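This document opens with one chain alone, in structure tokens, the form predicted alone.
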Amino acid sequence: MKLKNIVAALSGTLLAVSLVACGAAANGSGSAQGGSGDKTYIIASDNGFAPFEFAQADNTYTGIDMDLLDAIAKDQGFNYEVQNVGFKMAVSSLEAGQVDGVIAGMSITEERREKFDFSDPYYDSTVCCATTADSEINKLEDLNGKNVAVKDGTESQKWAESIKDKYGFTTTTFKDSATMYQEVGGNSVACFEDTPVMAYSISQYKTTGGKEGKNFKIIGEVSPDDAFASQYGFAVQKGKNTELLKKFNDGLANIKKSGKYEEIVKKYLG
């Protein structure tokens, strides 16, 4: 066997071991019995993207994506196991064929369509810029000469990168929202995030008296018809798992019709 083939084989094995290890440590959803099928689908997700997926005190995961997946699985009668490994790892593991699907507030883009097949959209989102509530920065123009935080591989990062020359700011990239938020008020004066995620964090701060969420304010947001506004979708590998994709779409249609979808979204976003 050629050296490059040995290296490739070892890399694939290490990726699989790493994914399983992360899943075992962070997986809060476990498996859900939706029916009598023998196959259990492995679904990767983010590990911190409230209100779509986030850890509770007992290290189990909840959120819009988790509840939607559970409702769809029960409607369609399939079993699943969620591995909350972080957004970048979730996407790369799907690309490598280590998991069957990804649900992680994943925006449907033309670039991603080249690698993945997406379900029907299940949520319409925009992206925004936010800073601390007591900051003197109140609009994008105030970012001139300053640094902002962005999350790697997201549409909000793309928006930030597309306008940074116009508004004269620099960016620092982070792997997850929690770390990115901690940066705001320190080495970065603001951050870019999906609007529903930021709005949820702000509302949590207000409703819990500061015990949860962030005391932030939104200073800029794209419009719903902007190129950086997006729709979230469930993803599988290109040309594979068509049966799972159909089950997701059929289940999504059914829970929308029954009112379950609206119930789930209102539970987290009001």
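This structure is a prediction, so every number in the text was calculated from the model and none was measured. Note that residue numbering follows the sequence shown and begins at 1.
The same protein also has a form predicted in complex with a small molecule, omitted here; what follows describes it.
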Of Lys74, Lys164, Arg112, Lys146, which one comes within 4.5 Å of the small molecule in the model of the complex, counting heavy atoms only? Arg112
What is the one choice in Val82, Ala190, Ala160, Ala104 with a heavy atom within 4.5 Å of the small molecule in the model of the complex? Ala104
Please run the contact check for Phe87 against the small molecule in the model of the complex: heavy atoms, 4.5 angstroms, yes or no? yes
Would Glu155 sit within 4.5 Å of the small molecule in the model of the complex, counting heavy atoms only? yes
Can you tell me whether Phe49 touches the small molecule? I mean in the model of the complex, with a 4.5 angstroms heavy atom cut-off. yes
Would Tyr232 count as touching the small molecule in the model of the complex under a 4.5 Å heavy atom rule? yes
So which stretch, 104-112, 182-190, 138-146, 164-172, is the one near the small molecule in the model of the complex (non-hydrogen atoms, 4.5 Å)? 104-112
